[in-house]
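Listed next as structure tokens is one chain, alone, in the form predicted on its own.
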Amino acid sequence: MTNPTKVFKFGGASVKDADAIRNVANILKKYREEKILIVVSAMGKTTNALEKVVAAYTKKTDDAFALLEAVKQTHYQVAQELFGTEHAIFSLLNDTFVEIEWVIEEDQQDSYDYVYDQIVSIGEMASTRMLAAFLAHENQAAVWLDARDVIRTDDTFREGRVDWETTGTLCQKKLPSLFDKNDLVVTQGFIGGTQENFTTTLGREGSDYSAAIFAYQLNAESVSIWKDVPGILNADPRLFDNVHKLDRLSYKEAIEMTYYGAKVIHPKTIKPLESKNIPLHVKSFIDPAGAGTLITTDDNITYPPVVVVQPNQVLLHISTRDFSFVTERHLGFLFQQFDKYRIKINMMQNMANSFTVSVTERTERLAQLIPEFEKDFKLIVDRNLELITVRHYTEDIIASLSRGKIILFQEYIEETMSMVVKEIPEMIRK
């Protein structure tokens, strides 16, 4: 019985078209005779496209089938570029997309979150079918695995909570025998399945987390996340010039960065790896020979300032109607509502007469939450804000980042400074 030595995760950009899939196959050729579990996201912007199918179906706008057809044709075009016009992959893709057709042919009976998971998850199913078939086409010993058969979750749709014990049992039951006969096993990120065989997703961008789950259960030697950047940078290069690659990070630092909103790794990825001391490499599929970033137990690292910007922030200013203090009783109710509507608090501050939180704009969920608060509390809502967090801050960095902005809310914790800001409207002399 054989377990993989490595877990590789390839995101949507790395399999976005035929050339990208060929590039992944070429990367894998450099690891011949190694046992690798390959976790793959949906192709390119497929998840976004399938979210539009969900919206069209649930809002009954009559274009769900047309939107789905566009997604199908994109995949068929890539398949034709890889395999020509005659190949079993076309039948496999058709069988995959028919799962969506079964859903949207019927009137909606289930919750939005349930429908979302049944439809959006098909992006990962299609991309992995394509990659597994191409690897076999290239004479690489690869087999396809349905992650829903091994990643067991509860029925919290869109944010499935992993049943670690059952998942471990299923991984050990199914995967070693696959690796006895194949060097590569291709499976999906982002998705799992309930005990009743309903599909769940693990949260947006959850494929990194999937890789960590598999690595933990299989005691993998390492995990590599392949991205379109040279490694983890100290700021988003789309927002800042002169950013630097971080050659090494500790697990602790990576957890802090992802907690405060850094998008390079899914926030839940690190803890399972840290618990078994499994190294995490963040590497570039554009430059596979590059060193990337290594995340390990090493705490003896000096860091430059690390900046994380979260747009689309909403400040909720909550106070009691009778001007009494905000007590533990009030806070208990408030936190229950945040949990009920699955809204993550990014930053909070409790004063005698008020409780203020910063959350990311989730329009549908906030539309349900806000009326709950307004029944018993006075509520002021500020939208279109930014949350800027700086790890290992300096006063010069804070001054630079706050220039031209109004600071609504600021907090210092150990080596971390966070502030919620909005732009100062430009004033023009008459």
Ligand code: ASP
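Start at 1 and count along the sequence shown; that's the residue number. Predicted, not measured: the structure shown is a model, and the values here were computed from it.
Same protein, other form: the form predicted in complex with aspartic acid, not shown, and the subject of what follows.
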| item | value |
| --- | --- |
| Heavy atom within 4.5 Å of aspartic acid in the predicted bound form - the one residue of 342, 204, 181, 161 that qualifies | 204 |
| Answer range among 393-401, 55-63, 41-49, 375-383 for contact with aspartic acid, defined in the predicted bound form as heavy atoms within 4.5 Å | 41-49 |
| Partner contact for residue 124 in the predicted bound form: aspartic acid, 4.5 angstroms, heavy atom | yes |
| Heavy atom of residue 190 within 4.5 Å of aspartic acid in the predicted bound form | yes |
